[in-house]
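What follows is a single chain, given as structure tokens, in the form predicted on its own.
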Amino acid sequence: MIVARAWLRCFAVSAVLILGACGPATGEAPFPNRAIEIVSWATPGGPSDLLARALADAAPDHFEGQRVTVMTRQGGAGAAGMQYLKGRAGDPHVLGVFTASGTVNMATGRIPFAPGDFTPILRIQVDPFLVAVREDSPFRTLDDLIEAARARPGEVSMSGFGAASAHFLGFQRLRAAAGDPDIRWIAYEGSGDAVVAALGGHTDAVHTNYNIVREHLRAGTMRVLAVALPLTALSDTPTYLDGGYDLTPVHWRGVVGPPGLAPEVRADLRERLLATIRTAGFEEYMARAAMEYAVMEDSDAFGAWIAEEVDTSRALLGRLGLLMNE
């Protein structure tokens, strides 16, 4: 009897150990159980980097007090950061700030990634494009500039960031909506440089975002002819639609995760990030940066938006003969 009882006890202990080893919770703590990394492949101090840091500042209270850090991985038009994020498949502790520039780089073939390589989570903000001129410019409206370009093909110039960038494609969409007037695009390495060129009279106008020109607007040295979407700070400025151009090109930013995140994990991350961007500190950052909230109805809608942006950009780049594989 004693031997039988001892054998039964051993069998029971073994069964518990086996079941425990096979169960879903093999000692791993529930998410989040370590620090959160937000990967940024943008220039430090730029709008995308500032978004990453604002998220990192506001997020800990909504991630069980875990530390949230920003990891800057520049290089290869975003490829270095994207490769790192893609390599962390299934890990919800690593997130990335994704932007319109990323979709343009995918569309050109400049980077070897596609929307399906990442898990879309939350679009956060849009940064509408606009057209601005010097205060003493003869152009008082966007139509004035367009009509001048039609009357003097090739003589009207527009400065902006990049030769094949989100800024450039936003301008090209506007130009196409206006019937393709011959406006010369003068590319600069930075948006600030493009504004300086317009201020110095080297170009007739600049295509950029509000936060790049706002100090010049406050100083009275520049005027905005039109903006892609209504902005609180430019409430009296006509939109492209007001001028008869039915398009809304914007720079946008949001958060994606690595591939392979389960639907319930993605939903959890979305709710935590929604709580993060509703905090007072994050709202103050949005106001300082003059950004507009642009949350979509769900993560799938954000994923569809990213894919559509790539397709739209690729089609426009193809029409312009700027695809790298052509």
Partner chain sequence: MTEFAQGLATALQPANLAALLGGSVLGVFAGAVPGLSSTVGLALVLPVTFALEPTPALLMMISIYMAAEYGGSITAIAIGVPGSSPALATTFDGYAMTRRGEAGRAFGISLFASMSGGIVGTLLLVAALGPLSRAAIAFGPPEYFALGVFGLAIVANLVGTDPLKGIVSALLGLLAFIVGLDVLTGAPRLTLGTTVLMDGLGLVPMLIGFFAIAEALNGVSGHRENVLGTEGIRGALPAFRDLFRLWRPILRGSAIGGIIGAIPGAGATIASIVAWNEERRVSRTPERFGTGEPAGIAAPEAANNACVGAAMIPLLALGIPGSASAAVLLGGLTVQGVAPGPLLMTEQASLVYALYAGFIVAVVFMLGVGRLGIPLWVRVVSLRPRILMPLVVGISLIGAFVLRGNLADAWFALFFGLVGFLMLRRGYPLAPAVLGLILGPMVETNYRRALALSSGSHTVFLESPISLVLIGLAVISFAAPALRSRLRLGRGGA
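What you are looking at is a predicted structure, and each value in this text was computed from that prediction instead of being measured. Numbering follows the first chain given and starts at 1.
This protein has a second form, the form predicted in complex with the partner chain, left out of what is shown; the following refers to that one.
Give me the residue from L229, L225, L122, V195 that has a heavy atom within 4.5 Å of the partner chain in the predicted bound form.
By the 4.5 Å criterion, the partner-contacting residue is V195.
Between A149, V250, A79, V94, only one gets a heavy atom within 4.5 angstroms of the partner chain in the predicted bound form; which residue is that?
Contact with the partner chain in the predicted bound form is made by A79 alone.
I'd like to check something about Y188: if you look in the predicted bound form, is any of its heavy atoms closer than or equal to 4.5 Å to a heavy atom of the partner chain?
Residue-level check for Y188: yes, a contact with the partner chain.
Does T203 reach the partner chain in the predicted bound form if we count a contact as any heavy atom within 4.5 Å?
Yes.
Within a 4.5 Å heavy atom cut-off, is A176 in contact with the partner chain in the predicted bound form?
Close contact is absent here: in the predicted bound form, A176 is far from the partner chain, nothing within 4.5 Å, heavy atoms only.
Though only this chain appears here, would D49 touch the partner chain in the predicted bound form if you measure heavy atom gaps against 4.5 Å?
D49 belongs to the contact set for the partner chain.
Looking at the partner chain in the predicted bound form, do all three of L85, V265 and R319 come within 4.5 Å of it through at least one heavy atom?
No, none of the three is in contact.
Since the chain is shown here on its own, which stretch among 212 to 220, 85 to 93, 135 to 143, 235 to 243 would lie within 4.5 Å of the partner chain in the predicted bound form, judged by heavy atoms?
That would be stretch 212 to 220.
If you apply a 4.5 angstroms heavy atom cut-off, which residues in 36 to 65 are near the partner chain in the predicted bound form?
Heavy-atom contacts within 4.5 Å come from P44, G45, D49, L50, R53, A54, D57.
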